[in-house]
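First come two forms of one protein chain, each written alone as structure tokens, so that there is a structure 1 and a structure 2.
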Structure 1
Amino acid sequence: MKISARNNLKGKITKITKGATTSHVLIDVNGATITASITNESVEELKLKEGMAAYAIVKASDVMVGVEH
């Protein structure tokens, strides 16, 4: 499957924290840590594990721009 989301950052899963319904998956991308908040079901279905290669994927309309002033 190819998807329209513009942003795909390749990295490695460094930590998975499971909650009651929602998990936080931390992905190291070139030294920056990306946090993804996804369902527990997706963590299980994709068999996500710490140490695995993974992509952080974000739709362009969900990206904001910040500048220091």
Structure 2
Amino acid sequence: MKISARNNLKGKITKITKGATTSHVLIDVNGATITASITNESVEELKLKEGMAAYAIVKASDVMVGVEH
């Protein structure tokens, strides 16, 4: 797999929840859970299954920082 995104995190799919048109795919990356919202069609095309290895690929133009006061 070659992609231009620099933020790709390898993990394992822990849960897939399908909705009417969109699925929520939870990926465990070293103990942290990242949730991706993708189309049900993409889940089928990629043949995603719980327990399989997958990458969370983050494409963002901004990163914000917050602190508690």
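Here the structure is a predicted model, which means the values were calculated and not measured. Rigid core: the largest C-alpha set superposing within 1.5 Å between the two forms. Only residues modelled in both forms are compared. Numbers follow structure 1, counted from its first residue as 1.
Only structure 2 is derived from the form predicted alone. Core superposition gives residue 62 a CA displacement of 5.3 Å between the two structures. 62 to 69 is the sole run of three or more consecutive shared residues whose C-alphas all shift by 2 Å or more between the two structures after the rigid core is superposed.
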